[in-house]
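First, one chain by itself: the form predicted alone, in structure tokens.
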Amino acid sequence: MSRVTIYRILVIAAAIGILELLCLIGTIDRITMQAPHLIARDLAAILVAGKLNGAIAKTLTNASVAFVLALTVGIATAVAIHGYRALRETLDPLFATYYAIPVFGFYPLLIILLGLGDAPQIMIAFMLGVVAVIVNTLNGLDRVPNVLKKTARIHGMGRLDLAFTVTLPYAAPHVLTGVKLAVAYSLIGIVGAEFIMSRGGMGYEISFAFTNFDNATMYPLIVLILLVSITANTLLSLWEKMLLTRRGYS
């Protein structure tokens, strides 16, 4: 275990310990929040009872669909526009300011276009994640050495062969940065959309629990979302580290 990892664990443990102490001595009252050990107990009880399995499955399934769409469309778009200087100069300012757009404001329009159900929520999450994938993939493709491209062309590789066998593998660490962001944005998009207008999913259950002062449901579900996001990003970070190690960067 690296020193940085140990420091991270210590910081998290210290934060949880301080929160536990504040809850136990009454600085944070029980109506506001229960102690972390009680949140862990309530989360275990929810998972064992299985009463919210449907809501959990709905959120994670929709987030996975949005993530796959963002990843597929994002990488394909980056490969398609990379190398076209005029197009890049046109789109780069739009990519740079994209996240200033209130994406959730499009939710009523998406309901009109896609109807009630999961589709508008998935589209919101997709819209949040896709640009992160595009920008980071373009960033990686920009760093591919020209000698690799010239060698590939000498061997008669077409545009798709060049992308799948040379440029994308070389740009993989940068692509993985976009992938990590897409994971977080997909979860944020789905949960946020479920808050706004949904009759199911973890976002709806958290919102319902909040309005009913049901901390035993609200905080465990929030922790579960955090655990899913942290686990996914940790695995991707390990993969990224392996790629960089193989290339001699660590």
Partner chain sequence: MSGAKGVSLRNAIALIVGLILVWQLLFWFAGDIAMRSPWDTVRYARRMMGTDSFWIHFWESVRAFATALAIAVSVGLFVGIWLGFHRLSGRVMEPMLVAIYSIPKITLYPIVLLAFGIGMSAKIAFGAIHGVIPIALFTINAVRNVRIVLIKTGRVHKLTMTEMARWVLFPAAMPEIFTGFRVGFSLTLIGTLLGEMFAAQRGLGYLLMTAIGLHNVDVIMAVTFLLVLCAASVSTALLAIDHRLHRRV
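Residue numbers count along the first chain shown, from 1. For clarity, every value in this text was computed on a predicted model and none was experimentally measured. Rigid core: the largest C-alpha set superposing within 1.5 Å between the two forms.
Just so it is clear, the following notes concern the form predicted in complex with its partner chain, a form of the same protein that is not shown.
Heavy atoms within 4.5 Å of its partner chain in the predicted complex are found in one stretch of 74-82, 99-107, 131-139, 118-126, which is 99-107. Every residue of the trio Ile188, Val191 and Ile206 has some heavy atom no more than 4.5 Å from its partner chain in the predicted complex. Heavy atoms of Met218 reach within 4.5 Å of its partner chain in the predicted complex, making it an interface residue. At the 4.5 Å threshold, heavy atoms of Ile18 stay clear of its partner chain in the predicted complex, well away from it. Proximity of Leu47 to its partner chain in the predicted complex: non-hydrogen atoms within 4.5 Å are absent; the residue sits far from the partner. Under a 4.5 angstroms non-hydrogen atom cutoff, its partner chain in the predicted complex has Ile225 among its neighbouring residues. Proximity to its partner chain in the predicted complex, defined as a heavy atom within 4.5 Å, singles out one entry of Val65, Ala57, Ala40, Ile196, which is Ile196. Residues from 83-101 that approach its partner chain in the predicted complex with a non-hydrogen atom closer than or equal to 4.5 Å are Ala86, Glu89, Thr90, Leu91, Pro93, Leu94, Ala96, Thr97, Tyr99, Ala100, Ile101, in the order they occur in the chain. Superposed on the core, the two forms barely differ at Ile230: its CA moves less than 2 Å between this form and the one not shown.
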